[in-house]
Each structure stands twice: as structure tokens, then as C-alpha cells.
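Next up: just one chain, as C-alpha cells, the form predicted alone.
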Amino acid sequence: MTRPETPKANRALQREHADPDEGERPLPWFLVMFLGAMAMWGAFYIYATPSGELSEYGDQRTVAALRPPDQAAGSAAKIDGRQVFGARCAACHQVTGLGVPGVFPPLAGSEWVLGDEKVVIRILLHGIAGEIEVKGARYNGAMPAFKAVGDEELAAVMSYIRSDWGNQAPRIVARSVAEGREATKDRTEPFKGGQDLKTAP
């Protein structure tokens, strides 16, 4: 008995593989256990770790630990006079303190810098607009006033220029700047050169 011939369409279907179905493929049990253990450890860590201070201070660090050493000890942070000079004065007087010949007077070896601290304080508080002689050379320019700068910052920069580039003069404290500011509070214009500085009360 002969087998009946299969139609061509059926033979083509038999050669095709069935379409795959998505079905269910659950995560491996060890991966589920690992994720659960990680979640439990994270919850325990958050619960057990002390926060220290407010959240903005980070993990377990106190306010005192975040302050600079001298602030933690209760004193004001020390101002770096060299940095103040670099930001406010070096463009004219140069980082060497030698100034620009004929334009900006030197600070290194300057009799005005090394002299009476009251004079230096007046210069920085009110500025100069007029002729001034420095180390035998005459300058006729204008120096801006720094009245808006705080006492601590002015004291720091003045102490720096009186002790660098070979200068050796006592440092100036913020209290002296405050006293100079009070003594000259009525002055509204810069000093008119060196002579005005010498005769000012």
C-alpha cells in the first residue's frame, strides 16, 4: 500500500519551526537572595550609622571637624596677606614689590611702607592723588582708596608688605586699622601727595 502524497503546502509548513513564545523566565534563586541580602544590609547600615550633625555636614563629621584649625579653637580664620596683595595690589606694585619705574612706586625698601604705621594705614584707607617721592624718585599718579575693605584684611596686607622683599617693620593689627579708620572718618578725598600725608593730623 502506497502512502498518499502530501500536498506541497503541507510539506512547506512541516519544514518550518514553531514561533518562540515568551513564557515566564524567573530570576535565579541565588540572585533573588543576593538582592534581598543587599537591601537588608543597606537598611541596617542607615539605621546603625550615627549622623553626627545636620545632613549638610556629611557623614559622621561634626561642625568643629569642618572648621579650619584656628576657627575650631575659637579664633577668627587667619587672612593671608600675600593673597590679598596678589589680588588687589600686585597689578601695580608687581609681585616683586619693585613697582614700575616712573609709574608705580616700589614697596620694597619704601620709606612710606617702613615708617609710621599710621601713615601706611591712611594711604590704604584713603588713597593718594598727587606727587610723592619714594626712594629718591618722584611719582605723580593715583592710588585708589581701600576704605571698603575690612580691618582684618587691610592689616594682613599691610603686615605682608612690611615684612617681604627684605622689608623689616612691625606687623599691623586690625585694631590699629580700626583706630585709623575712626580718626580719619571725616575725610572724603584721597591725600594730595606726600606732603599732604606728612602734614595730616
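It should be emphasised that the depicted structure is a prediction, and the values quoted were computed from it without experimental measurement. All residue numbers refer to positions in the sequence shown, first residue = 1.
There is also a form predicted in complex with a small molecule; it is not shown, and the following applies to it.
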Report yes if any heavy atom of residue 134 sits within 4.5 Å of a heavy atom of the small molecule in the model of the complex; otherwise report no. yes
Given that the small molecule is not shown alongside this chain, does residue 92 nevertheless sit within 4.5 Å of it in the model of the complex, heavy atom to heavy atom? yes
Could you confirm whether residue 143 comes within 4.5 Å of the small molecule in the model of the complex, counting heavy atoms only? yes
Can you tell me if residue 156 lies within 4.5 angstroms of the small molecule in the model of the complex, counting non-hydrogen atoms only? no
